[in-house]
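This text opens with one protein chain seen in two forms, each one given by itself as structure tokens under the names structure 1 and structure 2.
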Structure 1
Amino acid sequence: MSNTLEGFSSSASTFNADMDFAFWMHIWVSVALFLSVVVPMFYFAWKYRADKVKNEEIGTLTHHTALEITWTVIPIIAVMFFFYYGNTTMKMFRTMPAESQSIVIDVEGSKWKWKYEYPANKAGHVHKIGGVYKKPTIDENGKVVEAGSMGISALYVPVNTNIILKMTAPVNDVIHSYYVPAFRMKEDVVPGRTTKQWFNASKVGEYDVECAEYCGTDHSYMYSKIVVMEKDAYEKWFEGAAEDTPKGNFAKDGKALYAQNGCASCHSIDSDATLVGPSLKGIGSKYDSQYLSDAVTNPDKDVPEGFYPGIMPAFKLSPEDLATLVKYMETGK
């Protein structure tokens, strides 16, 4: 069946053909079984309706061995097929390829963001993507010791390559589930445990990732994207060190950006409460948008009274995101 849903391609990964076969085989067999119940039901209800049947004509059939064996054995056979295909598809998901022939990426799920850590590249640089913005560590001389991460979470992978995800959540977090509808796969991400899943994407494109295990307030915003790239484009990005996110960002709207970048942990926006930073409630009426966007990209420029510079990290956002975020602060939308 073809469909136009973004991020739900019927050939996005090596799993899809087998999965779709198992699903539709089961559906069509089930439709046949369903009809074998419902069609006679309607037919009998019509054929033997009360005003057409004389009392003497009522039958007395209460057993029919051959029939009973048939309608027991046929469903058993059908069910054995279902069991078989359920199992082979499970094996396909659960049989991890050799790590030597795959890219192994660490995934961390925590409320409400996904974070990816790649193996070191040739230059020894480790790409870390996602999670809440992490401030770069800077030594006394202002030299960057450790780069921060962008807070925008997308997983970049090359096409036609085995990718193994080693997933975990911090012990004081909750269970999440890494779900990629386009690849028909998910596996829970359990605090204090490491679970694994793998895939091999067959088509360049962008696919949605959703959290499928309920995890609280922003469960519905715990998205990510898998960006499947041509191999050389991937290599080029991977071997570089400068830019963590080669493509745009995939946050949904101002509110989601606000949550994903961790602004909420330092600023309240619905109330006047002062957390780490000042409340942003009604800030749109105090300052213009230029001030607000500067406050995000270069927070130490103007420091409001009673607060200190150096606490709020400088955010590196794409122009569109910045505009969305500023609009959100101004209008609440």
Structure 2
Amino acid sequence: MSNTLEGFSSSASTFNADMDFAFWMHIWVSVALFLSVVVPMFYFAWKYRADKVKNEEIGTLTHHTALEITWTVIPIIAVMFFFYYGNTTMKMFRTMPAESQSIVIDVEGSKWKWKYEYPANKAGHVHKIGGVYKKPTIDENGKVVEAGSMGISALYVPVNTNIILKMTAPVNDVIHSYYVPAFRMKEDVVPGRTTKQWFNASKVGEYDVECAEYCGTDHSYMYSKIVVMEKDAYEKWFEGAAEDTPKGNFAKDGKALYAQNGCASCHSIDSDATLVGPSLKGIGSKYDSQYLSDAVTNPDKDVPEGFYPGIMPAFKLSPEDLATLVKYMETGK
């Protein structure tokens, strides 16, 4: 398994249908125009090839009004379709709902993490959520000076609610891009400026977020989640003050846990490729569940030959999540 985003085949926001229609309309009209040129070209090249036509049969056609009008009007109509659906779809994305009817969340993108800051709740508490993968520090002799650590930031939102994101990056940072495939949403995050985007999630669940603008060495670690919750569960969390990781009823299978905890960044599970750490392909036939559990929660207990201790951080998972993750490592399901 590679570090890839999920969500291209799912539809989880209110404007997905319009976006997908505009996309496929562009594709099929373009295919039709392409075939209308290429098919006749090959047909005439075959029909009038040199061994089928004598020189004395070749005539000169200088003008055909109907044909000229046809090949002018049809592309114009196609371009107008492109413009209409492209423009209406863009307006839908760019027309922000009223802030008074939305939840406004500040987002900061920086090398290489996402941070979220919510408005104050009734008690005055402000939820601030941030997480980043920190690679271990290794000296010139290969010794680990500082162990790595893992944290995944997540944006928690209620279902069927307008969410406005006000996004920026530190002045001395670089351009990032906030990309959510399941919402068909992507917006640049520019140092020293504030850009805005909005969405209304229509389904409860977890959805991948990643930076879509190459931003440097650890670009691939700039990973986050949007967790869409039932409204009552969100309100209970938002009005609290102590817990920034709500326990929603969203799906959390082994594959999701594997991606969410960054395992795919360091371990291939469907090939023999060595990434940062060893491949996990077929590992269920080599080791038992206890060994795999220890490898997740205490990775320095038994380090594979050829690798160094301190590289992999220790993960603190609930017993249920740990069992689900281990099962996925064993079976791929």
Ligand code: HEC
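We call the rigid core the largest set of C-alpha positions that still match within 1.5 Å between the two forms. Here, a residue number simply tells you its place in the sequence of structure 1, counted from 1. This structure is a prediction, so every number in the text was calculated from the model and none was measured.
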property	result
Number assigned to the form predicted alone in this pair	2
Large Cα move at L325 between the two structures, threshold 2 Å, rigid core	yes
C-alpha of S289 moved at least 2 Å between the two structures on rigid core	yes
CA of S36, rigid core aligned, shift of 2 Å or more between the two structures	no
Displacement in Å of the C-alpha of Y48 between the two structures, rigid core kept as reference	2.4
Rigid core superposed, the C-alpha shift at G310 between the two structures in Å	20.2
